[in-house]
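Single chain ahead, written as structure tokens, the form predicted alone.
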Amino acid sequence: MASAGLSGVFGPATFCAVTGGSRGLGRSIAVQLAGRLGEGSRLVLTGRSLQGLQETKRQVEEKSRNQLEVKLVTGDMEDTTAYPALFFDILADVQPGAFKNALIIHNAGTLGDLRKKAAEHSDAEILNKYYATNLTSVIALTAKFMQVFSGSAVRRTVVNISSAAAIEPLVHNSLYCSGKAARNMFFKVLAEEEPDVRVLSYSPGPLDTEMLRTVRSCGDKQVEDRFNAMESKGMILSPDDSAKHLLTLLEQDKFKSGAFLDVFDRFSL
């Protein structure tokens, strides 16, 4: 079902959900989608901060050339008991035949406790909450998305916002690295099992965001040196630049479904 060109990916009557849309890369993706989603499209933005989501919505509506329906859904993916209601809100009122394209971008994510090394993560409750937020919710929401948009009448695209940390170990980031690695493999399997679905894992690169500043301030010289070297090479990007690269990949639609692609073209796995 792959087809090149903007209309084949977004076009008119597209349903699009972006998790973690209240700031950073999620906001940049949402705002840049505004100029690409055609008539009859719906953009659903999720996040924990209603205020942040409202600001993203304002920017989306300011840029949108069309009457784009923007829906905000707040919730915390850490609470698995809330998933049924949360997923219902995200995918509510999807009528058969209403959308020709369906796109979900899994952008939401957290770092975990960066003070601890791998051998120090002994609290099972904390681990369960971390992986619920960063892995379980992604798998479960994808399954719901596939259930709602079933069959070949809708062109389906699933994007996993990944990281170089999925394949490159980073000290003090064992939870983040392992969660991203597990997500990558889950989506590779999805691509194998669902050949009519376009699946992409995308590493956006180190971005000039609060999350990166938190990583860099963990107090480990190895981590600081690594990102200082990247900064000296101009490899710390703005969320807008990385979002543009992602949407270009989707528009060109040349990737193998299930691929793991990087903003710097370092990987093609």
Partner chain sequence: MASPESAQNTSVLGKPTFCVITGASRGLGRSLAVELSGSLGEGSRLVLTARSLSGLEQTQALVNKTSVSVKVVSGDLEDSDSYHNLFQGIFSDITPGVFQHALLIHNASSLGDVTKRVVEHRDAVVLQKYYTTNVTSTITLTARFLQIFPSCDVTRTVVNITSSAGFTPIKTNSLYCSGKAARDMVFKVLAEESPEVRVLSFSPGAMDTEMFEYYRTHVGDPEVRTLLCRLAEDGKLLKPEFSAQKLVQILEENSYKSGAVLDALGRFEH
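Predicted model, so just to flag it, every value in this text is computed and none were measured. Positions refer to the first chain, counted from 1.
Quick note: we don't show the form predicted together with its partner chain, though the next part is all about it.
Within 4.5 Å of some heavy atom of its partner chain in the model of the complex lies at least one heavy atom of Ser122. The closest non-hydrogen atom of Ala132 lies within 4.5 Å of its partner chain in the model of the complex.
For the chain shown alone, Lys117 is a contact residue for its partner chain in the model of the complex, at least one non-hydrogen atom being within 4.5 angstroms.
At a distance threshold of 4.5 angstroms between non-hydrogen atoms, Lys188 is in contact with its partner chain in the model of the complex. Contact with its partner chain in the model of the complex holds for all three of Thr142, Ala165 and Glu168, each having a heavy atom within 4.5 Å. Listed stretches are 122-130, 103-111, 88-96, 68-76; the contact stretch with its partner chain in the model of the complex is 122-130, by a heavy atom cutoff of 4.5 Å.
Taking its partner chain as positioned in the model of the complex, none of the residues of 22-52 brings a heavy atom within 4.5 Å of it.
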